[in-house]
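First come two forms of one protein chain, each written alone as structure tokens, so that there is a structure 1 and a structure 2.
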Structure 1
């Protein structure tokens, strides 16, 4: 055929074919998305500090392991209260002349998803210690350490943000670990990562592929307190329940855990705690994770009967009552 022997026509056809398809599946949908989506009105504007922190995040290639997208599948529920939608990314524009837009959605989840990390783990202390060396707080972590975001100083002033790092992680260096500007920016960025609330009345997209409960005989299994503890509490209070001195309090022998003030206990789990200046602020873990009464009960009973703690078990009914009460309190 003549067509196949004429290189101009042949190559031009191939090119137009490809370019046409490119227009249809890439360029036009991209333009369409860019024009028809606006950031949610409830989304907090990004502070200058957080923006600078995002640049630190980008330049260190954190996106290689951390996604920022809650997919609309049930298994992603742990990363956010709702699936991510186009509007969540609509406000992200080109970084600068040299660098492209960074939605940082990522394609690998070697580490955890960060879409809602500002809600899930807002603690400054935890984040800074974790950045200095993740293995201080999460023994099994394989995340790189970022000591170059910190300096080690003999003298510190009141302005310095001192990070409480155990001695064995200082490699024999003497002094206090102080977060640099970059570390503080990065922290600000991480704390700014929060899922914005959808406007009232707009339908929340569904999580698909719901997990079927093991429906053997109809009785739902009681949640595993140990697993829930690992997923929600362990990164601060540690696997041995002893916390981290100067940052996270020990649960071993704790009066709250072993005591009888169940209301305070439930309140702390659901809404966080900031009553003791020598420790970091505890976020509203229970509310953020949407823990049910059964799950809170499981966690409480696990904590009351581990690491040498021996206290009476609580019942789901008690916790449920208190949960409603605590929720009411915070609503006010």
Structure 2
């Protein structure tokens, strides 16, 4: 009983017990994890702008709806080329001395997973329009708008990053939408989120619980061009194929879509296209999504026969030849 009556000895003992337990349960395991897990060799170092963008991401509560973890289940294939591993997070450090927001893996996927968003949607124009008002590019989006990350100016300079927003979304205000420094930092952070490739020879983790394909008697069903367009192209070119003026070109009546230069068409889908200053830069959608010749053919034929377009359909054999040529040209 004397021990419990001596408050000095009691609190000293409790403190030592707590400190020892913290060392054994938290500190030593953390040090062990740091020693055993290193960033992948192909992982790109985070820039200062991206680090500032991470703080903007945190302060605006983005982590509440977006995860950054590709689970090892088949349904997560759309978010990355492989399941996430410990090395993907090994290079992430504390935000600062007082805040330990090292990994933003999230707990709820109300919005899309952002693990590989830097590859999946690298377009600066799309991301900035989406941040200003997600409904501009995705009509059904439930994501909140972030207009405070932008200003509306009547006069702009060459240094300003102008965002092409349709007038109906400006609420009667006159001028051009300009991204603030915070918006540019957030953009840099989103573009930095790329799933690094594993070193050559390293086994790739499998996606589990794969969906079983129904027996088709040897007949393979052709890809659905409408679904592929919706998944890969609609967010920019819109469901009506008319795009957004000043941001994304219209495919309705497009000379590329309706023309005979199939090589240019395939090249644009696979490697993207820079049409500035008229439009923003299109990312390499086909390459990023790993589209096959059959899928590229389905998209092309859908676009060539929708929204009033009535161009001749192309064959998978023709696209495959051009696909091989485009890949060879890109490799050089």
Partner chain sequence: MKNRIPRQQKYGMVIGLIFGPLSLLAQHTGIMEATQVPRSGVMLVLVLLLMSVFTAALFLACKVWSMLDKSRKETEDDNFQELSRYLANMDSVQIGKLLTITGSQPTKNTAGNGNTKTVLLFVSVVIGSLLPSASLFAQSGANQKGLLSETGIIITITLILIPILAAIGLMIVKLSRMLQNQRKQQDLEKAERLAAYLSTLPAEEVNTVLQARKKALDFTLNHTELSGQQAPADEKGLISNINTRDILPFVAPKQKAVKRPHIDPALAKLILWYFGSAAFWLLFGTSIGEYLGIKFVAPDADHISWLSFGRLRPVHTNAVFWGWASLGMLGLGYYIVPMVSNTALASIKKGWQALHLVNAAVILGTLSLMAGINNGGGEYREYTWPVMLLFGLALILTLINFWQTISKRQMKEIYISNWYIVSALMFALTITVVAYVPSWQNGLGETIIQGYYMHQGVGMWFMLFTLGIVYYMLPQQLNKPIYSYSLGILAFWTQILFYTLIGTHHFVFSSIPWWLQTVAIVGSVGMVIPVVAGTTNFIMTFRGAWHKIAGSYTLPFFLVGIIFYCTGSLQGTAEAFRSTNLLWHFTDFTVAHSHLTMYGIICFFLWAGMYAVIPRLTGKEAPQVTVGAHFWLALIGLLFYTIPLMIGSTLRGQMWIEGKPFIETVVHMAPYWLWRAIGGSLMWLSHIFFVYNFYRMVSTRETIDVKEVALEKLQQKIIA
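Here, rigid core means the biggest group of C-alpha atoms that superpose within 1.5 Å across both forms. Numbering follows the first chain given and starts at 1. Every value quoted in this text rests on a predicted model; they were computed, and no experiment measured them.
- Comparing the two isolated copies of the chain, the second one is the form predicted alone.
- Checked against the rigid-part motion between structures 1 and 2, the candidate from 78, 35, 71, 87 that sits at the hinge is 35.
- Here the chain moves as two rigid blocks between structures 1 and 2; the smaller block's rotation against the larger, from C-alpha superpositions, is 27°.
- On a core-based overlay, residue 206 has a Cα shift of 2.4 Å between structures 1 and 2.
- Relative to the superposed core, residue 25 moves its CA by 9.5 Å between structures 1 and 2.
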